[in-house]
Each structure stands twice: as structure tokens, then as C-alpha cells.
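In the block that follows, a single chain appears as C-alpha cells, in the form predicted on its own.
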């Protein structure tokens, strides 16, 4: 019940439209029921004309005119019902999807390392889509069916209460059957949503890694994986459909038993002259008519249970709180000199083996700090602490003497620029991707940043220049071109602190020279942390920090470390064959 209340809260901002939809539903239901009253009069008028020979054409004409206007206004109110229902449901789902996406943006990186991309996408698209249909036809649409059903029952009771009670003797049994099926449908629906999430995950992985798939010739293997998940999804959905397919005929059969009793008992009353033929025909026609909303409600029950299962999966994400968030009273970071101090820093992923073990490190304004070591030494983990992608288990990081946990996350990250090894560009124009560094930058500032990043010449070589469209993740650009656009983006941001995570490791010699030249400009007068496997790129660093198994094992300049005859010298000799 609480889950349904949470979904219904998204309808609250549109209560005005809901009121209009409900008014339209009531009037539509009232006119539908009024038709059967006129229909009853029509039958009795015709029978009276046949049996008594009296002229009833005038009365017949008035009844037909009345029926005409009933259908005319019923059509108008049906339109209002459909329009206002669609308006409310689509706006509610839009708000829910926005809320979910905004929350996903606020979640910390550890959420994304623990959850698969395809699963997250499935909840944002498939589950929300399932909920959209249920809000339109279920949460709001059920009112329309209920008004027709209750209005019809009211008229039946008014016309012949004894016959009405007899016709409804099986309704408690129908209600019990619906309740039993609803519980099973909701359970199976949630299982089906999980399966479609698994299917989306396989699809996302194979499409994003299609080059690897083809290079290893694993198309058949990936097809088998997809087919296996697709079959599991098919089985889950088939079970769901089977339950829904069983519910409808069972309830309709029980309702049909009631109709048989009505015809038998009503026929006896007509023979005994306690009812007119028109009254029996009108009563039975209305009874048959209100079975339509009854059928719809039984079908909707399955839809609603499926939607509640989807809502449960959506709210599971919305209820997750970010592990990294602003503390109460956090202050804005305005000016940064660039003093950064790591004090006894300890960190582990999932309380497992220590990724960082009592790191102590100082960086002065404008210094270039190079981090070297084998893969898994903790270099990337260390720099990820600076923008608070993760918080340490113990110890602290200070910027200009202030613990970064006392600074608002947004203002902290506004002062930090990151150029990763794997450049991420978004679909859009080249200008849009550079502009990502500072959204209010002018065209002149974009071009200036591109020139500083050695990107202007190749951008101008494109037919559309800066307005050239690039594909997903920078498709159509070389590695060096993508990296220089990323550097232009960082230059435009003009950060006080810079993090370069192996920014040249995947480039050829010519591209590396252009990128390194751009990076040298970018690093000027900024406190910079450089992660590098190629030691040739960090020989001039002010301080080289050698890491192994989460610890700092050596620290100093290039010459000082060579003189120590330790791990750095060993790495240097391996790379330069000395």
C-alpha cells in the first residue's frame, strides 16, 4: 500500500486536471447508464404498439432523439476523460523519470561500480515505461471503470433489488480469485523485470564492446549469451501472461453463472407479470454492460501488479543514499592557492584489502606530482580521493589547510580538472564537447582553448569546423584528436588543480608529442597530479611518488630516485633498457 502511495504522490501536482478527468468520467458513466433506461422505454414502447395497436410513433421519436443526445454528450466527455488522463499520467511519469535520473546523477561512484549499466538503464526505461501505462490505465483509468460499475449497480438495485442481489451472489468468490491471482502476478512480474534488466545488460556490454567481440571472433558466443538471457526473459513473461490469461476466463465464467440465474429468475417474473419484457431486457443489457468494467478491472489488476513490481525496482534506486555528500555547514571553495596535503590516508574498497595504506604526501602550488608504479599500486585510487569520488576510511586530505570534507562537493570539483586515459566525448558537435568544461564560455574562448590544446587546426579541417557532429564516445576521431578535445575542455574550465590519468599512454609518437605539448601548457601554474607509465613524460616533475600495494615506497625528484637505487631505478632501467 505504501508503494502505491509513493506512486500516487507524483499525481498530486496535477490534481486540477485529475478533477476534470473525474468529472468527465462521472458524466460519461452517468450517460452510459442513462442509455439503458431509455433503451428499456424503447422496448416497452414497441411492445405496447404491437400488443395494443396504439400509435406510439411520437413517443418513439422522442426516445430516439434523447438517445442521440446521450451519445453526443457521452462522446464529448469520453474525449475529456482520455485527454486529461493522458495529460496527468504522462506528466507524472515525466516527473518520476526526471527524479530518477537526477538521483542517479547524485549517487556516488561506488554505486556504479557495484551495479551493471544495463540493469540501471532497464530500470530507467523499461520499468518507468511499464509504470507509465499502468498510471494511465490503472491508477487513473480504474476510476472510470469503478464509476460505471458502481453507477450500474446502483441503477440495478433501484430497478429490481431482489434480482440484483441474486445476480451478485458469486461476486465475493470473484473478488477472492482476483486477490489470489494478484499476489502471484506481482511476484512473477518482478521476476520478469529482473530478467529484462539482465537482457539489457548483455546488450549494452556487447554493443559497447563490439570491437573486442569481433576481434576475438566471439559473435556466436555472445549470441548464445543473449539467447540464454532472452529465453529466461521469455519464460518469465510467459508465466506472467499465463496467469493473466487464466484470471480473465475464470472471472468471466463465474460472472456468466450469475447471468444464467438472472435469465431464469427474471423470466419467471415476466411470466408472473411482475416485470415487463422491456424491464428484463434493460436489466440484463445493463448487467452485461457493467461486466465490461468488471473485466477491465480484473485485467487492470494484473497491469497494476506488474507496475507495482516495476515501481518497487525504481524506488529501490531512489531510496539509495549517496555515500559521498555535503556535510552540514560545508562551505564554498572560492580561491585556491594549491597546497594539497594527504595525511595518514587509509582506504579500502568494500572493507577488503587496503587500496591505500597510510599515505602522507604534500604538494605545493604549481608543483607537478608524478605517480608511478605497477598496475594496482593505488595511483588512480589516490587521485580519485581529491575530487571526493571516494572518501577515506581514515586520515584526511586538505586543500590550503581545509579538509575537503568541509567543502561543498560542487565547489570542490569546480576547481579540479581531469584528463583521463580513456577520453569520454558525448554525441553532439565538437564545440559542445569543449563547452562542457564551462557552459557559459563564448565562441572566442572555445577557439582559444582549442588552440592551446593543439586542436584548432584539425577541427578547422572538418567541413563544419567546430559545428561538426561527432558520434557516440567520439566515433570518427583518432585517439590523439579525442585527447586534445578533452584537454581543450579542461583548459576552458581553467581549474586550479589538475589530474592527468595516463593521458598519453594510448597514443602514437606523433600524437603524444602534440598532446604532451598541450598538457605542458595546461599544467602551467597549476598544482598537477600526473599518473604515468611512460617515465619519459614525467622526468621533469617536481616530485615523483613511487607506489606499490597502496603504499608510498619512494619519493623525490628523478635524479634523487635514481641515486636511491630502488624500485624507481628498476622501472627506469626496464623502460630505457639500461
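Positions refer to the first chain, counted from 1. Predicted model only: the values in this text are computed from it and were never measured.
One more form of this protein, predicted in complex with a small molecule, exists but is not displayed; see below.
Touches the small molecule in the predicted bound form: residue 395 (any heavy atom, 4.5 Å): Answer no; every heavy atom of residue 395 is more than 4.5 Å from the small molecule in the predicted bound form.
Does residue 496 reach the small molecule in the predicted bound form if we count a contact as any heavy atom within 4.5 Å? No, residue 496 stays farther than 4.5 Å from the small molecule in the predicted bound form.
Residue 390 near the small molecule in the predicted bound form, any heavy atom under 4.5 Å? Residue 390: contacts the small molecule in the predicted bound form.
So, in the predicted bound form, is residue 118 in contact with the small molecule at a 4.5 angstroms heavy atom limit? Answer no; every heavy atom of residue 118 is more than 4.5 Å from the small molecule in the predicted bound form.
Per-stretch contact check against the small molecule in the predicted bound form, the hit in 118-126, 304-312, 153-161, 343-351 (non-hydrogen atom, 4.5 angstroms): Checking each option against the 4.5 Å cut-off leaves 343-351.
In the predicted bound form, which of the listed residues (376, 267, 471, 366) lies with a heavy atom within 4.5 Å of the small molecule? It is 376 that has a heavy atom within 4.5 Å of the partner.
Among the candidate residues 442, 113, 105, 98, which is the single one with a non-hydrogen atom no more than 4.5 Å from the small molecule in the predicted bound form? When the small molecule is considered in the predicted bound form, the option within 4.5 Å is 113.
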